[in-house]
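One chain is shown next in structure tokens, namely the form predicted alone.
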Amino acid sequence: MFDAIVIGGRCAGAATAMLLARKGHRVLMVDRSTFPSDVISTHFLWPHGTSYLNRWGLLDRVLATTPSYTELTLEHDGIPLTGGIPEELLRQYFQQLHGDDSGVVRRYCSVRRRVLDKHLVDAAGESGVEVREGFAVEELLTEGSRVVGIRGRTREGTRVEERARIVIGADGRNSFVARTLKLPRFDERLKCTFAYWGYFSGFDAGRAHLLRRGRMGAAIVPTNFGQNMTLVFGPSEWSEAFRRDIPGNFQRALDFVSPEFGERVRTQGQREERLYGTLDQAAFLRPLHGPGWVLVGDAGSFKDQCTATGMTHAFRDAELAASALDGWLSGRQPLDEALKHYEARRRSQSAAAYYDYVCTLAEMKPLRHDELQLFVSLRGNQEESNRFIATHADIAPVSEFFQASNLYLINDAAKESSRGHAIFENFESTSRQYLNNLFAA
């Protein structure tokens, strides 16, 4: 019998399995895929994401082939903010969540899943995890109401049965574990974005650029193989019109959000692969644990790609779940107590506030006058600009940055006025125009 069986071998699963094995536990990890391979993902790691890799001794492997940076630019309707994540806020994040701020780095990167997931699976195997790729789980074994193992088929077609003290579902938003156990979704947020992205060589984007204009967004981020991951996204109710001409509307969206990058992609960019897309990113929560099972990563909580925190949160969940399960497997803590501690970290007030923040952004409403004025006020205030970026990335608490007294102080210290920013000219008329579907015939 294994101590743990992990279903799913990507960001959440491989990391959880690796960390448990490093604690001396006997772990089996299975995945339907073989590695290296890609999966639908916008594959951005914020500095807390790369810090997890550094804490696990894997960051150097990843950055050996992946460009990384410490500053990025957020631009809203032509108002740019450039900054990075302060080390102090990163240390506070790790101390509050894990009680340990070792390994903190300020770098972020965009790493292809065929690169990252292969490193994670290899690290899991090197740590003692029994890794079975190409393995299809067909059934959860139960005794009474308790999950006690899995039955599935190897890549050679052999049916096997394995048992464990705990089964961990790290199998994504469409989790087999969750569906088999008929776990409910709750706090669903149906309004979300559609997103299309491609990989372009031929130009140097420098650092990451995350852009919004009206109801559309875009991201241009250097990634592996000398390419730039180039993404456009908008409200899901516009996706049907967008899909009538995906390549043409991809360029049209990029031109609309950023004429500068639209021109660079059109005149210098060489698309290296087909365009990828996703239409349904409705957010939801699921129960995180029950008799004999635990969920980590997107299986337990899924939300829109618009803040690009999915992989980073998968790493967070892996470290929290592995720490809790190690406490139980090592006999230091009852299972229920350990898993309630895990749940309390993932379902804290701060986590709920960030979930609301992402879901609200995913509605892709045109930004209000006061919201844009805030970005003007942040310009020239590097400390608060950095704190806003940290808040956007779920490193600093949403409630602290957006509390009324803080916003008052930021506006009071503003060094720029709205004059000189085109969006404020004919603002009402422009806002009304933003409501028109950009891709309607």
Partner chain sequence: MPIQPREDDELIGAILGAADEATRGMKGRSLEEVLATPDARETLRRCATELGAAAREVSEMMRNWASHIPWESMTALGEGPPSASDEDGAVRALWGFLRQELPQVRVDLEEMWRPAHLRRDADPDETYALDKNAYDFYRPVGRNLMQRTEEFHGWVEARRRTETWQYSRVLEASPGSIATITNDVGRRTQGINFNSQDYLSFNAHPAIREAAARALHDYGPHSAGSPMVLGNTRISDALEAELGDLLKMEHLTLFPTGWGAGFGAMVGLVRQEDYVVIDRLAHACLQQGARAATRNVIRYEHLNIEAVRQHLQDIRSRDSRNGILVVTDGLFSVDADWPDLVTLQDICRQYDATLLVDVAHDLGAMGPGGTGVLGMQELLGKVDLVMGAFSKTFSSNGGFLASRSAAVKQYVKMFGGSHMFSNALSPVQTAVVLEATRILRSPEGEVLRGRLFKAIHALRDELTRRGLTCMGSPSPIVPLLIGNEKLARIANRRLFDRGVLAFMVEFPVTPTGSSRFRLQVQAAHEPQDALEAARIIDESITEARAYLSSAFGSGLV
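Positions refer to the first chain, counted from 1. The model shown is predicted, which means the values in this text are computed figures rather than measured ones.
Only in words, not in the display: the form predicted in complex with the partner chain, which the text now covers.
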4.5 Å heavy atom contact with the partner chain in the predicted complex for all of R32, R345 and D412: yes
Given 186-194, 99-107, 120-128, 257-265, the stretch touching the partner chain in the predicted complex at heavy atoms within 4.5 Å is 186-194
Can you work out which of R91, R146, R155, H369 has a heavy atom no more than 4.5 Å from the partner chain in the predicted complex? H369
Considering A164, A351, L329, I79, which brings a non-hydrogen atom within 4.5 Å of the partner chain in the predicted complex? A351
Is the gap between T70 and the partner chain in the predicted complex 4.5 Å or less for some heavy atom pair? no
In the predicted complex, A241 touching the partner chain (heavy atom, 4.5 Å): no
Is G84 close enough to the partner chain in the predicted complex to count, meaning some heavy atom within 4.5 Å? no
Within 4.5 Å, heavy atoms only: does E273 come near the partner chain in the predicted complex? yes
Though the partner is not shown here, which residues of 272-286 have a heavy atom within 4.5 Å of the partner chain in the predicted complex? E272, E273, R274, L275, Y276, G277, T278, L279, D280, A282, L285
